[in-house]
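Shown below, as structure tokens, is a lone chain in the form predicted alone; questions about how it binds or moves come after it.
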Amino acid sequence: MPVPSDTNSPSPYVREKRRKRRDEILHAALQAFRRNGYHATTLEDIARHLGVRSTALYHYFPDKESILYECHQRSLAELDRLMEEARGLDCSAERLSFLIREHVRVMTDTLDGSPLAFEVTALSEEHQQEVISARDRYERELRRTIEDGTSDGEFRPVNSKVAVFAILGAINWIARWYRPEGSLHAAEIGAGFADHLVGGLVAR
């Protein structure tokens, strides 16, 4: 006896259409957050960029905070993937350079230069803890990479915590000066950051 289809389940076409629309909303939100800051941005600002009424956004996100949370989730999921990739590289210097270059790309391309790192307190307490936990996991990976490099003699002896604070501070500050329409592109910025930040650790 044939199993009846679930008439309430959306078709692949509808699911893909919704996914694309969510991506468009997030991209518009990131641009608005970069221009105006999270707190000064309204749902009307985001909707205006898309050429729709703000009520149309409620079909995809219940409020502005949920949009911010989704942006954080996507960027942190990408950092998790990058950590996994970095573990397959041959040496600590190569792993750290890769993570720095790709983190810069996440900041400039995935997040469109939006200063999300400075907006964690705008999230609910539960979401704050989730984001902070993921960020701590990434920070530990960077520290472990530096400590491995020191043990192997690739890096000179340094305080790994201070070194990671310097790296993350430099990368997060990109959001304060980066402009997508500017002359500097993600690959160029990432390569420069990796050269300076990793080069300062290499044993002479």
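Note that this is a predicted model, so its numbers are computed, not measured. Numbering starts at 1 and follows the sequence shown.
This next part talks about the form predicted together with another copy of the chain, which is not shown.
S.K.: Thinking of another copy of the chain in the model of the complex, which stretch from 160-168, 47-55, 60-68, 147-155 has heavy atoms inside 4.5 Å of it?
M.R.: Flagged stretch: 160-168.
S.K.: Can any non-hydrogen atom of Ile189 be found within 4.5 angstroms of another copy of the chain in the model of the complex?
M.R.: Close contact exists here: in the model of the complex, Ile189 approaches another copy of the chain to within 4.5 Å, heavy atoms only.
S.K.: Is Asn172 close enough to touch another copy of the chain in the model of the complex, meaning at least one heavy atom pair within 4.5 Å?
M.R.: Asn172 belongs to the contact set for another copy of the chain.
S.K.: How about Arg15: is it within 4.5 Å of another copy of the chain in the model of the complex, going by heavy atoms?
M.R.: No, Arg15 is distant from the partner.
S.K.: Please tell me whether any heavy atom belonging to Glu130 falls inside 4.5 Å of a heavy atom of another copy of the chain, as the geometry stands in the model of the complex.
M.R.: Result no; Glu130 lies far from another copy of the chain in the model of the complex.
S.K.: Of Leu76, Met83, Ala93, Leu116, which one comes within 4.5 Å of another copy of the chain in the model of the complex, counting heavy atoms only?
M.R.: Selected option: Leu116.
S.K.: Any residue of 19-38 with a heavy atom within 4.5 Å of another copy of the chain in the model of the complex counts; write them all down in order.
M.R.: In sequence order, Arg35, Asn36, Gly37 come within 4.5 Å of the partner.
S.K.: Quick one: Met83 and Leu116 C-alpha atoms, closer or farther in the model of the complex compared with this form (3 angstroms or more)?
M.R.: Between the C-alphas of Leu116 and Met83, the gap narrows in the model of the complex (3 Å or more compared with this form).
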